[in-house]
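The chain that follows stands alone, in the form predicted on its own, written as structure tokens.
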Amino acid sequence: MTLKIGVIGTGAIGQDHTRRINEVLAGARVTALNDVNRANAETCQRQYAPEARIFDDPHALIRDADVDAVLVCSWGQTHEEYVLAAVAAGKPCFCEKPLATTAEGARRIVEAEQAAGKRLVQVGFMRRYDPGYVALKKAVSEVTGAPLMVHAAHRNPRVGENYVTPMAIHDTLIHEIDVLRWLLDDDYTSARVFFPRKSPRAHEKLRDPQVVVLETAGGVVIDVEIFVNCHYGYDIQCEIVGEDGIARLPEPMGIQTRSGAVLGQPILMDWKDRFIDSYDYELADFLKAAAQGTAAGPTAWDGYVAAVTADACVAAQEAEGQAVSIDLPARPSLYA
């Protein structure tokens, strides 16, 4: 049976997921499209899904009998509404991050899924599917011994004028918040934020770079450098320091050159190139689970924990070096 997919939001990532489902992955077809800008949906239909119908109402798309599962790739403020509608319809739903723009919104999705009695939501934290991070998690379990510290960095070459200081948490650090918790199998208990001297490339509404320090229930101390105007490239770093050894995230594959007395290797400039394979793997995982009427991968609970942690980190930005506690309720049994 071919799984029939409806895509809500056909901007860059929605179009790319449509292409991925129809041209790269097996077992599913995009049968329905929606975008607040109908022209985007028409472009996506023309390029990647000529057989798909375009819906002006996203709720009608979710309810349609010709849609078995839903991808929510629209503006972040709409995610909660559409994910809740998919859960109410009993349809598996893949939601790009954030699951919701507030922790309270994410909690409502968790409660709705619990009421449904089974997992229906997968959150688009694609780094868990990156081969480098998968290998790093294996090294933590087999080589380094119990983790003591984590040193990480998330560097972008540049950001636009609309990118302001809190976005360094909600749009950038959010990936480290999820993937480091997954790597360590440990929850966060506090956050602090420190601001070094401001980069001259940062505009007046952005404090950049910044360093976030997280502590976990197991006593691990994590420092993450966020530098979104580093200029030189898109650079993701992670080092786990354990009782018995150290493990580092491998560099992306690149041709090493020796020329003019210089040993060199290129650095990527675009995040889509850095994690291109992980998008294939995460959607393949979702389609496999959705064909069974459920979801896989990062859960609604993971999305909720990320939202609570992000809110604490934004509060820590305002507290300037003071610790802000991260308080989580008990994990529901559905996500055990």
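Residues carry their position along the shown sequence, with the first being 1. Keep in mind it's a predicted model, so treat the numbers as computed, not measured.
Just so it is clear, the following notes concern the form predicted in complex with a small molecule, a form of the same protein that is not shown.
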- So which of 90 to 98, 235 to 243, 255 to 263, 199 to 207 is the stretch with heavy atoms within 4.5 Å of the small molecule in the predicted bound form? 90 to 98
- Query: N40 near the small molecule in the predicted bound form, any heavy atom under 4.5 Å?
  - Reply: yes
- With the partner left out of view, is S74 within 4.5 angstroms of the small molecule in the predicted bound form by any non-hydrogen atom? yes
- According to a 4.5 angstroms non-hydrogen atom cut-off, is T102 in contact with the small molecule in the predicted bound form? no
- Message: When the contact criterion is heavy atoms within 4.5 Å, does T78 count as touching the small molecule in the predicted bound form?
- Response: yes
